[in-house]
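Consider the single chain below, provided in C-alpha cells and representing the form predicted on its own.
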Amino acid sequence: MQPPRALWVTFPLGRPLGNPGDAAFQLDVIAAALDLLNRSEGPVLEDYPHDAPPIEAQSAVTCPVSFAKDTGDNGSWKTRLGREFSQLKPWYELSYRRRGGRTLVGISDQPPEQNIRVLAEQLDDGVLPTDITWLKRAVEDIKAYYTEAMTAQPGDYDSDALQAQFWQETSFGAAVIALYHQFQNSNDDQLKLIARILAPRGAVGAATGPEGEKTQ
C-alpha cells in the first residue's frame, strides 16, 4: 500500500487500537500515529513499542490435538510438519462441516498441504523464500487451517489463549518463527521488513527453543 506514514502494531486483526474498552491505551496508540505527521520526511514506518495488555481468559482453550513438545530430535521440518498437519486434518474437516462449508482458508493459489510441504523443504535446505507474496498467503492460509482445526470442539475460545497455543506449542508456529529469524538476521533491510509480516513481536518474544529457553 506504501502509505506515507504508518505505525506498525502487534494487535490481533480487527483490533487496530488494542483491546476493546481500554480508552487510555487506545488514545496512546492514536497519539503515536498522529505524531508521525510531525516527521519532515517520509515514508515513515515505525513500530509501536507496546503490546496490548493481556485479557484474562474466561474459558480455557481445549484443543482436540495434543501437540508433541519439541525436544530437538523429532527429525526434519518436513517430518515434523507433515505429522502435525496429518493430525489436524480430520479436525479441520470436522470444523469445515460444522461451519457449513465456510472457511478462511483459500487465499493462496495452492492448498495448505502443498504450501506446508514447500515451506518445510525450504527450512530443511536453509533456503530463504524469495516469493514474498506466496509466502505471506501460504503462512496465513496455514494459520487459518490450524486455528479452525484447533477450535473443532464445541465451546468458546479465548483468542489470546488460542494464539498463545498456536505460537508456543505447534511445530508450524516454531517454523514461522524460524523463518522470522532468518529474515530478521539478514543484512538486507528490505528482507528484515518481511519478518514483520510473519509473526507478531509478542509471539517471537514468548517462543521457546528445544530446551525450553526463550528465543530472541
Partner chain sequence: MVRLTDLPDYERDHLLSKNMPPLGPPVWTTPAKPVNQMRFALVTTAGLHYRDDPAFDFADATFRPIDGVEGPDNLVMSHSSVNFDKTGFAEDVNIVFPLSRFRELVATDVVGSLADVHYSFMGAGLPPGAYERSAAQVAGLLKQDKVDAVFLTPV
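Here, rigid core means the biggest group of C-alpha atoms that superpose within 1.5 Å across both forms. Numbering follows the first chain given and starts at 1. The model shown is predicted, which means the values in this text are computed figures rather than measured ones.
Beyond the structure shown, there is the form predicted in complex with the partner chain, which is absent from this document and is the topic of what follows.
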Are all three of Leu94, Arg117 and Ala138 close to the partner chain in the predicted bound form, meaning a heavy atom of each within 4.5 Å?
no
Give a yes/no on whether Glu148 approaches the partner chain to within 4.5 Å in the predicted bound form, heavy atoms considered.
yes
Can Ala178 be called a contact residue for the partner chain in the predicted bound form at 4.5 Å between heavy atoms?
no
Counting only non-hydrogen atoms and a 4.5 angstroms cut-off, does Thr103 reach the partner chain in the predicted bound form?
yes
Given that the partner is absent here, does Pro54 sit within 4.5 Å of the partner chain in the predicted bound form, heavy atoms only?
no
I want to check Asp189: does it shift between this form and the one not shown by 2 Å or more at the Cα, with the core superposed?
no
Take the rigid core as the frame of reference and indicate whether the C-alpha of Tyr180 shifts by 2 Å or more between this form and the one not shown.
no
Checked in the predicted bound form: CA of Pro20 to CA of Lys143 differs by 3 Å or more, atoms lying closer
Taking the shown form as reference, are the C-alpha positions of Gly21 and Glu140 brought closer or pushed farther apart in the predicted bound form, with a change of 3 Å or more?
closer
